[in-house]
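Next comes just one chain, in structure tokens: the form predicted alone.
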């Protein structure tokens, strides 16, 4: 009632009125809770104020077109992704905590399998299909010890560390079963080796001899006791210094100006977001 009085007062004062979306057109909280209960079996927390699918449909109709990419960085119960999927939009959702497992994944599985009769399913004649990929964000690679020094996060095992540093250095993670120092590659002749060991001159020389003159090796280790320039086929970096060197410090705005970048076609054989279901 107070909102209606304020609205009428603004109209009388000559203020241009805002559009009103009535719950009969875009749904309400109770409708949204019923939508959640239809797929989240055994879940007690259905959110206090979930958004109904009809409301998201109205928003996406106004702000997007078929095939557009929709981002929801606070996914909650996954309403945005479910509605975008049914409306033929691509989508990315981000969520912390367990809602991804208790709410979002079960909901999207039903949407994809055509087992979600609620929401806007009938309005858009949704029959199921498509798919999604689910990624889990890794913990921070570095942490500070009790003296304030940067060290490798203790939750990282050897494989996690090697994969993370391959990604950071632009290498493809592909550990060899036969050659211990081949954790990844950037070309057919360029490789990467990740270790938490403190390497000596003899160990680096052995690596250089095994790599040979026709290949190169990026070595990431916690420390080394030798002059790195003595091995022409090796590039030796220290962890965590190599990681910290990749970070940007002192910026208030990390936004990228991408409005003038050309839209590159996807590589041949690359999968579209709707081509296959890969559930985490």
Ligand SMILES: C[S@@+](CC[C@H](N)C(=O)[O-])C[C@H]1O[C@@H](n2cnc3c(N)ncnc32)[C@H](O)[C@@H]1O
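Because the structure is a prediction, the values reported are computed rather than measured. Numbering follows the first chain given and starts at 1.
Just so you know, the form predicted in complex with this ligand exists too; it's not on screen, but the next bit is about it.
When contacts are judged by a 4.5 Å heavy atom cut-off, residue 96 counts as touching this ligand in the predicted bound form. In the predicted bound form, this ligand lies within 4.5 Å of some heavy atom of residue 51. This ligand is not drawn, but in the predicted bound form it has a heavy atom within 4.5 Å of residue 75. Heavy atoms within 4.5 Å of this ligand in the predicted bound form are found in one stretch of 188-196, 171-179, 121-129, 96-104, which is 96-104.
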